[in-house]
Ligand SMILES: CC(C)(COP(=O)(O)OP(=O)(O)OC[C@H]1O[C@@H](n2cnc3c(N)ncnc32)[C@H](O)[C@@H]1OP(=O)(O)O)[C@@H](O)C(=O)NCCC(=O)NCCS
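Take a look at this single chain in structure tokens; it is the form predicted alone.
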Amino acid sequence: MSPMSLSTPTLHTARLTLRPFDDPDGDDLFAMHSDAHVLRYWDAPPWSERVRADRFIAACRRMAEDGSGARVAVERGSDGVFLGWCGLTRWNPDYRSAALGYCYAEAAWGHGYATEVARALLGWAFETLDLNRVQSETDTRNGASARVLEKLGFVREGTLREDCVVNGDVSDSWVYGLLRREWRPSAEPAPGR
């Protein structure tokens, strides 16, 4: 863990604003994380208590304070509608590694937002955190998430067999990795992909 604090960035893409979480985001966050359809491939059950959103926002602030990562709220630039979040967690400055995760409300699906946001956050992270490797995991049934990672240049490295059990439902996860030397900040995939 880094002993330094890590300022959560505010970033702008063509269509979106990525910014630190604030208390008023709690209602939107709870609405998204309590939706069983949105969370059907998540590694935990949907939230049933509104206080979970406040805890999540507090955890985002602690992460910034202890320097272990950065998680941003994502809103549409045109109208400020909350779409979801994206984060880089488990930052290890010794290994120069971090983990990418994200969650989006159903209204945000199918518009390329997840790729746009992750590309911006990864660009910031590779510049700011001197990363060598970013890892991400996704449920093997979640083809949309796998496509996002592959569009960003992540390589599927293996399968974690039966690594999640949510409400009795056992599932596998794919592990993806992206190395600094493979990172392409533009929308173009790496050569040979």
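The first residue of the sequence shown is number 1, and the count goes up from there. What you are looking at is a predicted structure, and each value in this text was computed from that prediction instead of being measured.
Absent from the display: the form predicted in complex with this ligand. The rest refers to it.
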For this session: Examine Val38 and determine whether its closest non-hydrogen atom to this ligand in the predicted bound form is within 4.5 angstroms.
Result: yes
Exercise. Given that the partner is absent here, does Pro93 sit within 4.5 Å of this ligand in the predicted bound form, heavy atoms only?
Worked result: no
For this session: Indicate whether Phe82 is a 4.5 Å heavy atom neighbour of this ligand in the predicted bound form.
Result: no
For this session: Evaluate Cys103 for contact with this ligand in the predicted bound form, applying a 4.5 angstroms cut-off between non-hydrogen atoms, and reply yes or no.
Result: yes
For this session: Please determine, with the chain shown alone, which of 66 to 74, 163 to 171, 132 to 140, 45 to 53 has non-hydrogen atoms within 4.5 Å of this ligand in the predicted bound form.
Result: 132 to 140
For this session: Give a yes or no on whether every one of Gly112, Ala144 and Lys151 sits within 4.5 angstroms of this ligand in the predicted bound form by heavy atom.
Result: yes
